[in-house]
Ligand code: ARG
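Next up is one chain by itself, shown in structure tokens, the form predicted on its own.
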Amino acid sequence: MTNDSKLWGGRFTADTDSFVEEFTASVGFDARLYAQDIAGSIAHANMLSQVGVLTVAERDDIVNALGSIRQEIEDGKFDWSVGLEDVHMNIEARLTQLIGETGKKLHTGRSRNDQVATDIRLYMCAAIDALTAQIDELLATLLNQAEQHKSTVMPGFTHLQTAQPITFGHHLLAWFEMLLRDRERLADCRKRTNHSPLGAAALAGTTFPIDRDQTARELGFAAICENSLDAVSDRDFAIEFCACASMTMLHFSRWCEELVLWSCQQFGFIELSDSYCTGSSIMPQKKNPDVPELIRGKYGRVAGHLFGLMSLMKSQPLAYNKDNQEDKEPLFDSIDTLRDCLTAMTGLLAEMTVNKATMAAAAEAGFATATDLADYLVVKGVAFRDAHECVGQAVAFAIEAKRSLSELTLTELQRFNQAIGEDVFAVLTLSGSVNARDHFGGTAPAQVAAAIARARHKLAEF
């Protein structure tokens, strides 16, 4: 494309090199902003008419033509041109084709700098709303599973070693708390994203009598970027989103690590649905947890985008620089990746099967009630450190005898401390252990049920 046909070509005497034209174009990825770009242009045209820069007839021609262009794009009939660089120039060029000189008036009082910043913020607000709705669905799925398993006993781990018995519902509620914080972070990010840059123009504002309040209201922004330099060069909101997305993906990676472990034959705590697993090309018996493994791996992708965006911004002087064209692909990919992983996680958790007996047997086999025995001795008047030593000796004896603590006789237990009585066996059961932790935030089934009720109330308020 010659510079004569470019919307900025007046100052140039030589045509753009064909490689440079391809290299600097962004329409291959920013075309997805078309709806936001058209909405921003319509709001800008309405405002220009209101302040007397456009006539009502000119405004109507522009608005009607932009509606036609949107329909062309949605019908797949729009001819995108790399020579026109980006989504903004493609739409503006088509506008001029449709209505002639009036189309050239639309860009009065604005720049592609505030235009793209407006588009991205609008796009991100919509994306955050959609992601938040997905998070709510996943939160509800977690609560449904926790409800079913509020009394299902499993071993709790520290250092991936059996520590104390917990309920599976309690474990799922830990995931719920993580995701709830992720939701709060996204909602907070949206507040800072929801500011209008439109009217900042290239960097200094404009000499035309624009009304930034009007365009902000029409576009649904809650506030206006107050400094024109910052408005066009700020990408904090995109970096913040990627930080939020990275945190959510970090949580998903941890969950998926547990799903992978729990679903292997060595654990056998859960079985993942065939719909979310794949097989081996050589080993016919294999059922591979590819979906959680892939989600676990995608954390690195999103976290990489976060560091990429920070590196992109770290040395930029005010105001806008072409570097910022590089913000969209990592941002868009982070949105897409998080969206897909939310879909996958919701399906994985909704369709998994829990092997209650295997979980209980694992808790029984790992001396998970040892702390309960120590607490029992403390109640009997034994100092905790002495109780700790006695129980450690009892565990060593049980390991040698290849029995659990509950399988030891009273006489055998009394070898380690005479304070132990017949009532100790109620303490050494798995159900006795989890039921004993009956306080706010504890693993007792009654507390899990109360936590689920509180969580459902929170979800209903969103």
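What you see is a predicted model; the values in this text were computed from it and never measured. Residue numbers here begin at 1 and follow the sequence given.
Omitted from view is the form predicted in complex with the ligand, to which the following refers.
Undergrad: Tell me which of 83 to 91, 331 to 339, 147 to 155, 239 to 247 has residues with heavy atoms within 4.5 angstroms of the ligand in the predicted bound form?
TA: Contact-bearing stretch, as computed: 83 to 91.
Undergrad: Suppose contact means a heavy atom within 4.5 Å; in the predicted bound form, does that hold for all of Glu58, Leu106 and Thr108 with the ligand?
TA: Result no, not one residue of the spot touches the ligand.
Undergrad: Could you tell me which one of Tyr123, Tyr320, Trp175, Phe269 places a heavy atom within 4.5 Å of the ligand in the predicted bound form?
TA: Flagged contact: Tyr320.
Undergrad: Note which of Asn46, Asn417, Ser404, Ser26 lies within 4.5 Å of the ligand in the predicted bound form, where distance is taken over heavy atoms; exactly one does.
TA: Among Asn46, Asn417, Ser404, Ser26, a heavy atom within 4.5 Å of the ligand in the predicted bound form occurs only for Ser26.
Undergrad: Should Val116 be classed as touching the ligand in the predicted bound form when contacts are defined as heavy atoms within 4.5 Å?
TA: Residue-level check for Val116: yes, a contact with the ligand.
Undergrad: Would Arg112 count as a contact of the ligand in the predicted bound form, using a 4.5 angstroms cut-off between non-hydrogen atoms?
TA: Answer yes; at least one heavy atom of Arg112 falls within 4.5 Å of the ligand in the predicted bound form.
Undergrad: Examine Gln325 and determine whether its closest non-hydrogen atom to the ligand in the predicted bound form is within 4.5 angstroms.
TA: Taking the distances in the predicted bound form, the answer for Gln325 is yes, it comes within 4.5 Å of the ligand.
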